[in-house]
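Quick heads-up: it's one chain on its own, the form predicted on its own, in structure tokens.
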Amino acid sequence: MPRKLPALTGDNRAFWQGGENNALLIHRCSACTRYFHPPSPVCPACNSFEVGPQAVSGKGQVASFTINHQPWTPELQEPFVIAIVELVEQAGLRFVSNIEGIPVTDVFIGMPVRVHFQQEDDVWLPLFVKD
């Protein structure tokens, strides 16, 4: 599936390029120990500047999902799953990704997943498969 790639910045580079080393890097505050996503230079929980990327397990569960059936562009292969994945490291630590490797009808809320990475240029996209 063709994807629009993110513009890399000092704040998000670790997240988008950690997959080169098979690492899902999520920002964490050393002052209050909270993980947060998307990455930013300030902790959204305590306003500390003591933040930086930290490797997480890459395991989580599907918190919600939808199945896209719309071929938005001629190259787009549908149907595909767009999911909100909650990582095991912290309740509420979620981000949007795709679930791959199984029929779209087999995806369910609460399904255990693990990250795998797809390289596109200098970006490693964190996608998920059933665990």
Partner chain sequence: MFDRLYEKDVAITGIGQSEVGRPSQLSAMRLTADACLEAIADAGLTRDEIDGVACWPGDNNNGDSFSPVGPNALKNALGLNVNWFGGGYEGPGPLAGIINGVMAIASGMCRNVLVFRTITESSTRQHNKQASALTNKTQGRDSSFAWQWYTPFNVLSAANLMAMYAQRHFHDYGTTSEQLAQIALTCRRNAELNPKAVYRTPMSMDDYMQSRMISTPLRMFDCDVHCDASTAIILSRRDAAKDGRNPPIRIEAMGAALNQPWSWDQISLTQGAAFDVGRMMWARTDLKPKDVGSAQLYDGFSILTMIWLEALGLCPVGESGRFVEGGQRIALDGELPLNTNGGQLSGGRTHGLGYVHEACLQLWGRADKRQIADHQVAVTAAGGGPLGGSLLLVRD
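Every value quoted in this text rests on a predicted model; they were computed, and no experiment measured them. Numbering follows the first chain given and starts at 1.
The same protein also has a form predicted together with its partner chain, omitted here; what follows describes it.
Within 4.5 Å of its partner chain in the model of the complex, a heavy atom is found for not a single one of C43, C46 and Q90. Residue A63 is the only one of I102, A63, A31, A55 with a heavy atom lying within 4.5 Å of its partner chain in the model of the complex. By the criterion of a heavy atom within 4.5 Å, V129 is excluded from the residues contacting its partner chain in the model of the complex. Although the partner is absent here, H37 lies within 4.5 Å of its partner chain in the model of the complex, judged by heavy atoms. At a distance threshold of 4.5 angstroms between non-hydrogen atoms, F15 is in contact with its partner chain in the model of the complex. Put simply, K59 is far from its partner chain in the model of the complex: not one heavy atom of it is within 4.5 Å. Residues of 117 to 131 lying near its partner chain in the model of the complex, listed in sequence order, are D121, D122, V123, L125, P126, L127, the criterion being any heavy atom within 4.5 Å.
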